[in-house]
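Presented below, as structure tokens, is a lone chain in the form predicted on its own.
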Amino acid sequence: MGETQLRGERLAAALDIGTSKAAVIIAEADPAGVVKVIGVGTGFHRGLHRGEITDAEALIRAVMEAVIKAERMAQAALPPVVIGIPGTLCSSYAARGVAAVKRPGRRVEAADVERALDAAAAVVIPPERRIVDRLIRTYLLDGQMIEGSPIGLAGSRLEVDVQFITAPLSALAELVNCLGQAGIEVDEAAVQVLAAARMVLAPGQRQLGVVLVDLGAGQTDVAVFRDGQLDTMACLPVGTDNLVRDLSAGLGITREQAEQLVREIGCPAPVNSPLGASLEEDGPNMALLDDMQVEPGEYSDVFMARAEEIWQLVRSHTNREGSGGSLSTGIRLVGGGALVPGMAALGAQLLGMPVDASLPEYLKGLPEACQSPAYAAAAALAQDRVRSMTQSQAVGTSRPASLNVLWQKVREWLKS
């Protein structure tokens, strides 16, 4: 087996499709298991709205542009990819599965865990939906709660409480078909906000209580963790595009001008305020507004109305009735919206808790331009993909059967 083939087996790719951009990352694991990014590409589009394809041609062009850039940088062909699924497509189902341990010695093996998980999935997953992620909450062995994995322990009855995250088969099939026209083979799906959470949130933060907010162009994903578990997940139908559209319509300026204001001024604030850029009389931000013939007060009114709405919607999901446990770690902010000046500070002021923009965990080879909250989801998907492939190769197994069923069913749907 040649070095080229060996390298190909170590390559993994992730595709993060947002409302305004598609980002591709090609990575590999070295013999020591270190994840190294070898290719990154980005393409911009307006072909997706709240997770649904509205302009397939525009989306395909952007994805192909991102793939070409990543392949050139990596000097390697794109391997099968993991795609990120936006929260707007997802639903959550909780269930308990049971499996009997009948072999001699009654030691729990990985196959027993999979049978318990499959039993749980069979009870609650509607036929028109497919599992894209699962979060194991608790194991019980002969009625006793188990800390950590039950594999290797002795017992006769294994139970597992699990939370399944699902997406509609029709939407998955449409996305796979669209990407197929761009020459991309989809091998796996993952929930973007949960992948980002695995990268930027430490276990201790999830235990103490933390909120991950992925503020994108067209929507905002929110994942709340309490006592180490996912408490709630929501997708809000607002994002930075709403700020741009409001400014363009309310101030009578072009979309390009509105985007520049959001990018360079963001949340307007008085001098010495902890919020965003100040509008000093002789400052560059005031000059920018003057060039566009925009009054500072009008800009502030339009921008802050929408920015405050976004954070109030986040608040409504962090304070969901019936949720217990504190959120002492505060909010971690990722996505392109984390780059808007003053947006994090505004959230901290309105919600009364720390709000910090989170960078992707350092990955060897990740270009400096991509070490940004805007690339957190893509980097997290790539890291997850490499690690899952490495683990599968190490134990000589494939992905869990219940997750393999997802893409088997999608392909059957496409062929029918």
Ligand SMILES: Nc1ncnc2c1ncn2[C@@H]1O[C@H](COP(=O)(O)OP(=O)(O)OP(=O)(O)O)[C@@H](O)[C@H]1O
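Position 1 is the first residue in the sequence shown; the rest follow in order. These figures come from a predicted structure and were not determined experimentally.
If you look for the form predicted together with the ligand, you will not find it shown, but the lines that follow are about it.
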query	finding
Residue contact check: residue 355 to the ligand in the predicted bound form, 4.5 Å heavy atom	no
4.5 angstroms heavy atom contact with the ligand in the predicted bound form for residue 346	no
Residue 166, heavy atom within 4.5 angstroms of the ligand in the predicted bound form	no
Any non-hydrogen atom of residue 107 within 4.5 angstroms of the ligand in the predicted bound form	no
Check all three, 97, 155 and 158, heavy atom within 4.5 Å of the ligand in the predicted bound form	no
Option touching the ligand, based on a heavy atom within 4.5 Å in the predicted bound form, out of 268, 336, 150, 84	336
Answer range among 115-123, 182-190, 208-216, 299-307 for contact with the ligand, defined in the predicted bound form as heavy atoms within 4.5 Å	208-216
